[in-house]
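Take a look at this one chain, the form predicted alone, written out in structure tokens.
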């Protein structure tokens, strides 16, 4: 593909470049050699051991594919299942997509290959990843599910994902990342580029369910055209060694909208440095970043940056943290207005569960643990407008199950 030589040259120069924030990881300790797995038919998916199925369902992947508009499943470096029965919705491995003429409009067009050594490594040693594309005017009846799964100990998994909603289309995706029950250590590097075209709608819900000694480095960039809507939901309620991500969205058409919602639970030994940045570049743009963070002893840095470049834009940033069993929550909200007539606000708060709230619920017949659990679930309940009922049910299920583990 034209331009790959130049990309490689930039990537090689950036191999030693550290990320601007977050823990720097020595990639030499991981193995990125290909790991071959056989392709799985529908009946083979249902034959996956129950212990593994449990981890997959906690990352949003239903092996029965019930109420799913398509499935992508990558294990280590191999794509083991890829299919979409829904007309107007394409799901294919990125390596296969690279053989098509139209891919040149999208591959490495938003993300920069030389941002840091993680982007560089993904470019130089790409394993695979997915392309999910809604054709013009198509509407996804059920959400498409995608899963990036690690099974080999000590693996560095490099993926590149492209999500494209053509003009007037509507696409809902639930994507999960997880590790096998026996795996302990590895690193996941994921490049994702989102293209939301004129009057298109995309909801992207990501659920992480990692091993306790995993390092995770997603790198995401989105572009939203006139009248487009991008909902980006992120949930991580299980232990992870370190997670560092800072997705960026550019609202480049009038009346384009982006909303980021995240739910994070930090466990002892876990470090999270995450947030989001949205550029509002045209009149009528709207943006919202909402984060809910609970520390059970982990370290959470929650960033948010809204940049209003023109008048007649609205943006809101909200971060609320709950210290349940110690740890650290550091909220870093940023508002940046560049023109008269911007309307921007932020709200940040970090605290603990009030004893009077627990006492009140206990007076109504609940035990102390049950009362605390009820308050935590209420705290994590974020109303996400525009989310299909199936995805809302998935999020509620993950929160409920994780809440049991947490308490």
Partner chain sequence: MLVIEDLKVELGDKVILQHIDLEIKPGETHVLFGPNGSGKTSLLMTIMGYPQYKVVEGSMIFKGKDITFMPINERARLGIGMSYQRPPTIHGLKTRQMVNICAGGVVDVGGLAQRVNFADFLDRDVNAGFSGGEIKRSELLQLMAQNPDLMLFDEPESGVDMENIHLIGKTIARLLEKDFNSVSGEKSKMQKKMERTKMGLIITHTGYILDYVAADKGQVLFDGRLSCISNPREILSCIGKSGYEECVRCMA
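Computed from a predicted structure; not experimentally measured. Positions refer to the first chain, counted from 1.
There is another form of this protein, the form predicted together with the partner chain, and it is not shown here; the text below is about that form.
Novice: Within a 4.5 Å heavy atom cut-off, is residue 53 in contact with the partner chain in the predicted complex?
Specialist: It does not: once the partner chain is placed as it appears in the predicted complex, residue 53 has no heavy atom within 4.5 Å of it.
Novice: Going by a heavy atom distance of 4.5 Å, is residue 360 a contact of the partner chain in the predicted complex?
Specialist: Residue 360 belongs to the contact set for the partner chain.
Novice: How about residue 356: is it within 4.5 Å of the partner chain in the predicted complex, going by heavy atoms?
Specialist: Taking the distances in the predicted complex, the answer for residue 356 is yes, it comes within 4.5 Å of the partner chain.
Novice: State yes or no: in the predicted complex, is some non-hydrogen atom of residue 345 no more than 4.5 angstroms from a non-hydrogen atom of the partner chain?
Specialist: Residue-level check for residue 345: no, no contact with the partner chain.
Novice: Find the only residue in 339, 48, 349, 366 having a heavy atom within 4.5 Å of the partner chain in the predicted complex.
Specialist: Here the answer is residue option 366.
Novice: Residues in which of 27-35, 370-378, 40-48, 66-74 have heavy atoms within 4.5 Å of the partner chain in the predicted complex?
Specialist: Of the options given, it is 370-378.
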